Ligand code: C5P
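Shown here is one chain on its own, the form predicted alone, set out as structure tokens.
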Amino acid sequence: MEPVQGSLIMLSSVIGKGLQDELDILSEHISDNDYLRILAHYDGDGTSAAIILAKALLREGKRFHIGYIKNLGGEGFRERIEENQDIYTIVVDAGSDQAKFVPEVEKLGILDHHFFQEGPAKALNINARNHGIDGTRGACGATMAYIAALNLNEKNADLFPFFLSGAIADKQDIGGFSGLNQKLVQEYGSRYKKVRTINLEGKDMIESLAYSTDPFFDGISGNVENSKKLLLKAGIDPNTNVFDLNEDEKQVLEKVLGIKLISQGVGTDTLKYLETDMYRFPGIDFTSKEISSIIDGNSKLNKNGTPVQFFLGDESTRGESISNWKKYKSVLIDYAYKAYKELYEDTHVRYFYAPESEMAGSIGGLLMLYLAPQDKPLIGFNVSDSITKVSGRGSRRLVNIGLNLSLVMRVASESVGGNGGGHDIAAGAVIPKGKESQFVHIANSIIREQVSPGTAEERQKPVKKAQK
């Protein structure tokens, strides 16, 4: 992709002097080192951020290698940093809460947006929250990587597609962008073609519905035959593309799908996600949502390097990138239906067991947004040989009445000998195997204290089972 031509915006007018001063220090470290390491959180946001930093470093003539972090516990983080402690390392989409585990390491720059606890550390910790930016809705890991790249050279504005990719993967586009994300979209997104359309992806309408996970349509997602029946009943050609629908067809389909989501009991913000601004970019065959899905899907299958290679220009990985994307969608849909049928109840929380650690958060997010009642947060467990990974997901309504899953995950995990943190609406933890019931009991008590007592009656509503 060619650098953007035309006038460029002064970055300081977008991010403020304090944040830019910190980015200036990171730029100096990059300038002073010929070889660097990028360590990114393994998910779609982190991998999008890694692509941004990789492209920016290539343009600076720097050599680098990319690694990924799954275990954000103290021991796991320290091991990753100590692997190449003599190389200047940029950790993105994680690190602020983990820097205290490597307090002596100086060759470490962090670009993060999560809640964190201050601790002794020599690392350069650049966190959106330190500058009054909401790291849950207003900035993600790719946001932080994008402004770091812009600070190196504002011609890196053309890395905008991968900033969007990370924000979409982190669900920060639901209900429209806000905060720093919104400023960046306004300042740098106007150069690209934007279309307001139904929030679907894929080569034709059957594929778009059958593989749709965000939005997720109960009984339609994962079912080709039901997808085709819905389209024919709505008078839509199943072989057409979402961008080829005329206005009448879009209105009819949006109404049908909206009624479907309402019948699933989705929240108001989630219903708004049925329609979105879709971007298309010169030289890239995929929409903004498709780029995000490709990167996120590959990442969740432990294939992070495949979309990185592809979007860095290796066309030989195109087929694999697309194949992994569809495979992930199929697996997620299957796991979501199964988890929904096997939800466990406590008074203030629901929980489930996921077959794969990388899927627990995705399953929980899908269930919380589209299938489960909105009165309680969800916790997903993945039990391995010695540890259990935990993912918590809430709703904005629950956050508005006091839910803070970052605090829940941190306190409950530490109480059973683990560690955790994240956002108020989505967070994770690692705990010793066998401590799941104790963790749920503690988390349930914390959530009871956080949320409004006025919701007690709602919490007694039974779980509606999915129809596949």
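The structure displayed is predicted, hence computed values, not measured ones. Numbering starts at 1 and runs along the sequence shown.
Another form, the form predicted in complex with the ligand, is not on view; read the next lines as being about it.
Chemist: Find the only residue in G222, G361, P161, G109 having a heavy atom within 4.5 Å of the ligand in the model of the complex.
Modeler: The option sitting close enough to the partner is G361.
Chemist: Please tell me which of I425, A56, L39, I30 lies within 4.5 Å of the ligand in the model of the complex, judged by heavy atoms.
Modeler: Of the listed residues, the single hit is I425.
Chemist: May I ask you to check whether A169 falls inside a 4.5 Å heavy atom distance of the ligand in the model of the complex?
Modeler: Contact check for A169: yes, within 4.5 Å of the ligand in the model of the complex.
Chemist: Could you tell me if G365 has a non-hydrogen atom within 4.5 Å of the ligand in the model of the complex?
Modeler: Output for G365 is yes: heavy atoms within 4.5 Å of the ligand.
Chemist: Is L150 close enough to touch the ligand in the model of the complex, meaning at least one heavy atom pair within 4.5 Å?
Modeler: L150: no, not in contact with the ligand in the model of the complex.
Chemist: Would K376 count as touching the ligand in the model of the complex under a 4.5 Å heavy atom rule?
Modeler: No, K376 sits far enough from the ligand in the model of the complex that none of its heavy atoms falls within 4.5 Å.
Chemist: Have a look at 254-262, 391-399, 83-91, 224-232 and name the one stretch with heavy atoms inside 4.5 Å of the ligand in the model of the complex.
Modeler: Of the options given, it is 391-399.
Chemist: Under the 4.5 Å heavy atom criterion, name the residues of 191-227 that approach the ligand in the model of the complex, in sequence order.
Modeler: Result: empty, none.
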